[in-house]
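This document starts with two versions of one protein chain, written out as structure tokens and named structure 1 and structure 2.
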Structure 1
Amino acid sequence: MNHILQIDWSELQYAVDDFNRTLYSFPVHIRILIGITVAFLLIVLFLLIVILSSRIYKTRRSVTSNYLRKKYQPVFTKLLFEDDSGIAAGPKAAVIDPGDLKTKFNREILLSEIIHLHENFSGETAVRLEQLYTDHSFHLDSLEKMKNKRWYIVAKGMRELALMNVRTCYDDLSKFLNHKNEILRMEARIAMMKLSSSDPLAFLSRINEPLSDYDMANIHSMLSKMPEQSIPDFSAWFNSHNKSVVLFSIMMTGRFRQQDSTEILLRMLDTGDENVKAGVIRALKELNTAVAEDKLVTMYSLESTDIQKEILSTLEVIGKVKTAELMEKILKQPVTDYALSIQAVRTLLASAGDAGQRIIQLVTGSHPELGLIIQHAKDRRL
């Protein structure tokens, strides 16, 4: 056996020398190409190892996570639904086996399980989970994450603290309101809205970066989950230095039907900013502000096509006699924009009791497209 395992070093040396001789017999450019090929093949080998390791890691993670979930499911159920559970008896009760909290990997799995449960419960059950979170020092993990250099870890930390209602971190969160990373800005806003007890939108006065439509959707989604009394008066931000905050506030005024802001909105119709003007007109539509009719009819002819479309759409809801007169005037002119003419017909139909009669008069002797436009406008499916 020993004899078989004995390596003849001189023979190996000879093989290596032979290989070197062959290699060096090639011209330099061939040797370079061989070198690159070997490098590629080594990279392939490395990539294969990473693919296999990734599979192994994913399997291991899934096994551990299933094991911990199975182990703690009954514990958490007891904690959430039974009055005499350890957590109710007082803080610092060891609900989770300290051995399972030693590794970062396990702590992450358990933390995500607690957060997942918290998302599905409210009231006393949620408070118990929050206590469990602090008792096992998960909040320290989250706070630690907020100090990390990597933005996605910081964002995760913020989200955890907000979800688990750790109000003490409120001031730390505000530092990220104007961060260059938009996800951090977003997470900071969400967290501050969740943790604020009285003024969830206080941050609007402090943001310098413009809000995108997505940011607005995100804040609106949070607001719609809040009790009505928490919704602030959005007119407070109509004069904000940040134009996107102004646009958002106008939009929310309409969405949350804040009728008290109607007068300010009417004054804002004189603004030179097209986006703000369009937003105000839309808000007046949502607020069903009948008093805006005169102003909108007067300004119509001075505006761009986009604003004219907004005006017509709003007048369809609030318009009466003056609107009908304006619509007739518009429809008597040659068609330049189909969408505008179709909207004009719809507005006329909504604003005048004798719309049918007026339309018949319009069609007689008018330009040929109008008949089709009227038919189109009358079909509400289009």
Structure 2
Amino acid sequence: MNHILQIDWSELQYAVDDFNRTLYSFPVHIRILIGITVAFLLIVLFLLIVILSSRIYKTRRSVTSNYLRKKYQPVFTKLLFEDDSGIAAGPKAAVIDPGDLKTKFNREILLSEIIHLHENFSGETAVRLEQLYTDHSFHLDSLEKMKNKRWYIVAKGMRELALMNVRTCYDDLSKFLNHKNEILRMEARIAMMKLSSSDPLAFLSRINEPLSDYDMANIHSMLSKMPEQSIPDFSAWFNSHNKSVVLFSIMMTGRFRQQDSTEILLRMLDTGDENVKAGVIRALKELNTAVAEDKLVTMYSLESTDIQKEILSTLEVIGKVKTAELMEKILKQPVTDYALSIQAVRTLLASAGDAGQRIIQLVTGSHPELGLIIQHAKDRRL
């Protein structure tokens, strides 16, 4: 037996030498072609193994996913559609097999099913799903995602926690308020608004990065869906170190008609920042602040063209006698900005009861352009 297993190394060496002699007997270009062919076959074999392995892996995951969905379909059906008498112990009666909770992939499938169902249900059903989510520690999986280096996984974890109303993670979300990734900052702000129990905009005092237009639109949309008593007093952020927060607060003061902030807004008209000043003027327009007329009429001649346009637009809403006098004065001057002159005519028409007569007097003996400007201003299609 030992004799049979013995290897004659000398013969093996001779066989290798014969192979080398045979190989090197070919011309160089033939040897190169053989080498390329062998390398190509090895690469094809490697790719085939990779593709087959990937296909087997994905198929196995798909089969497992379908199996779990079918397995827990009766559980979720009972949870969603039976009344409290049918679920005596609440969501805990919908038991998930502990074995399925030990595998990361299985947990992810079950978590995605719970999230998907929660997105399509509300009320008592949503509360049951939230309890199921926390009872089986799925919120810890979402928190773990927030530690991931890939931003989209972090954002997914934030959305899950916000959707499932896990208020205990509020402080964890606050760590992303000033993150360098704009999307993560936005997700953190939205999540904190949803999870706040009393002050949905408390994070505004803590952010250093500017609010984008998209951020402002999202926050405004969420505020519009909240009960009136949950809307904060935006004047609290008029002195914020973050200019975008100041601009947003001014805008929201007008949108939510917070009349108590009128005096503060009037004082802010003295600011040297044109963006803030323009925002204040627009807010006064939305608040229909008639007491702002005197201040706006006085400051008109001292301001830039952009601010003047904002003043005229606001005076069209709140203006009375003094506004009409200012408009006449503007229209008697040579036209330097057609948009400004057109707005002045519209403001005059809105602020003076005898606007028609005044316009006739202005047209008589004035520059010929004024007639076209008045015609244009009266046409609301333009």
Partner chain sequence: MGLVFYYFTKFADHFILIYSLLLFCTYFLLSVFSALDIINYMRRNSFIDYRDLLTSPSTPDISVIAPAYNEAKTIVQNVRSLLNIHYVNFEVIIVNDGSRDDTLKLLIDAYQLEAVPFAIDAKLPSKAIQAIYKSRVPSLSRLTVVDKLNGGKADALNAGINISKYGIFAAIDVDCILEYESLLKMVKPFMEQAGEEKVIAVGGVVRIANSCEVKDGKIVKVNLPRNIIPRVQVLEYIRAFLLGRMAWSRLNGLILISGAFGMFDKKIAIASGGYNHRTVGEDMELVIRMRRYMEEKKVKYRVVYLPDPLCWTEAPSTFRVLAKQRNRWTRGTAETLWLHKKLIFNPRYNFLGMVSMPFWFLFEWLAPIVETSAFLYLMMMAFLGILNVELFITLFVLIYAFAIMYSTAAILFEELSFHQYKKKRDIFRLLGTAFIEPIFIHPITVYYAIRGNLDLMTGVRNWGEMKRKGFVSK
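In this text, the rigid core denotes the largest set of C-alpha atoms whose superposition between the two forms falls within 1.5 Å. Here, residue number means position along structure 1's sequence, counting from 1. Note that the structure is a prediction, hence the values are computed from the model and not measured.
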The form predicted in complex with the partner chain: is that structure 1, or is it structure 2? 1
K156 C-alpha relocation of at least 2 Å between the two structures, rigid core basis: no
Cα displacement of S313 between the two structures reaching 2 Å, rigid core superposed: no
Hey, does A339 budge by 2 Å or more at the Cα between the two structures once the core is superposed? no
Value in Å for the CA shift of L68 between the two structures, taken after the core is superposed: 7.3
Cα shift of V50 between the two structures after core superposition, in Å? 11.5
